[in-house]
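Before any questions on binding or motion, here is one chain by itself as structure tokens, the form predicted alone.
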């Protein structure tokens, strides 16, 4: 039987994540019948190459989703809130890479290595989790399955690309200014809409997204709430501190976690992780082998190292987890979801080509 092909749309096709989505769709040879590249009115009309063929980017409006089977959204929460319901009404299955629907009841929040089975419950919308959440749950899921999980305390060291292309360019300009003994200008970080802005070059900013009434930032609350939802563990103890560093790509995380069952050795933990899907263990302290942001760039896996027992708790462990925030943290996870939908035959057949 000929492989089924799908009418696809990518919303936000000219952005950093959109470019990665197109690259991965091409690399994975996803079965595409037709492809629509969509963007804001400002970017409409641009020409983008896919499989060597030029595509003209169209403005994303409700009617362009007629006849589309799967749409991957990565153009910001406001765009998703406006257009995802319109697309669903037209029979489209939407994979949304924003925070718009992540905590909406009835919307699966999916990392395929962790909770692919949740896709069966979708009602037209599947949410792609936060980039920093994705890499953490991929690393911890094999441990949770084998040893149980009681508590997570995570500190993140997040790349500037997670805040968009304008933030990356600002970091570069600030770096040039400081190296030339000039005063750096800041207008983007930590949050563009906030009153105060700080230089990221040669700095560490302990704020990602806006602060909530409880003293945590929205980014930190995303990690806390999303982890519980993905793992189906509403009582799991999770705390997060999210920090922006002057790194272009690649999020790093220092994770302390407590298992239900204590006593597992570091070697057993390494073997457990090494056999898990989507995980690469890089952990040879004597040879200074451990994950780093620079070596994660362009890679689909989540890299884990510095695994060690806590010195005071038999069921406590520490690990260092790194992943490309634009690839596994966004584009690859979205395409993985689309691949899972196709393999599990969970795509509505609005116009799928046999």
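Because the structure is predicted, anything quoted here is derived from the model rather than measured. Positions refer to the first chain, counted from 1.
Below: the form predicted in complex with a further copy of the same chain, not depicted.
Student: State the residue from 86, 113, 118, 258 whose non-hydrogen atoms include one within 4.5 Å of a further copy of the same chain in the predicted complex.
Tutor: Only one option qualifies, and that one is 258.
Student: So a further copy of the same chain isn't shown here. In the predicted complex, which residue out of 165, 187, 274, 204 has a non-hydrogen atom within 4.5 Å of it?
Tutor: After the contact test, the surviving option is 204.
Student: Do residue 53 and a further copy of the same chain share at least one heavy atom pair within 4.5 Å in the predicted complex?
Tutor: No - in the predicted complex, heavy atoms of residue 53 and a further copy of the same chain never come within 4.5 Å of each other.
Student: Find out whether any non-hydrogen atom of residue 171 is located within 4.5 angstroms of a further copy of the same chain in the predicted complex, and reply yes or no.
Tutor: Yes, residue 171 sits close enough to a further copy of the same chain in the predicted complex that at least one of its heavy atoms falls within 4.5 Å.
Student: Could you tell me if residue 310 has a non-hydrogen atom within 4.5 Å of a further copy of the same chain in the predicted complex?
Tutor: Close contact exists here: in the predicted complex, residue 310 approaches a further copy of the same chain to within 4.5 Å, heavy atoms only.
Student: With a 4.5 Å heavy atom cut-off, would you call residue 289 a contact of a further copy of the same chain in the predicted complex?
Tutor: Output for residue 289 is yes: heavy atoms within 4.5 Å of a further copy of the same chain.
Student: Check, residue by residue, if 16, 332 and 340 all come within 4.5 Å of a further copy of the same chain in the predicted complex, counting heavy atoms only.
Tutor: The answer is no; none of 16, 332 and 340 reaches a further copy of the same chain.
Student: Look at the stretches 57-65, 41-49, 291-299, 28-36 and give the one with heavy atoms within 4.5 Å of a further copy of the same chain in the predicted complex.
Tutor: In short, 291-299.
Student: Across 202-221, which residues bring a heavy atom to within 4.5 Å of a further copy of the same chain in the predicted complex?
Tutor: Residues within 4.5 Å: 202, 203, 204, 205, 206, 207, 211, 214, 215, 216, 217, 220, 221.
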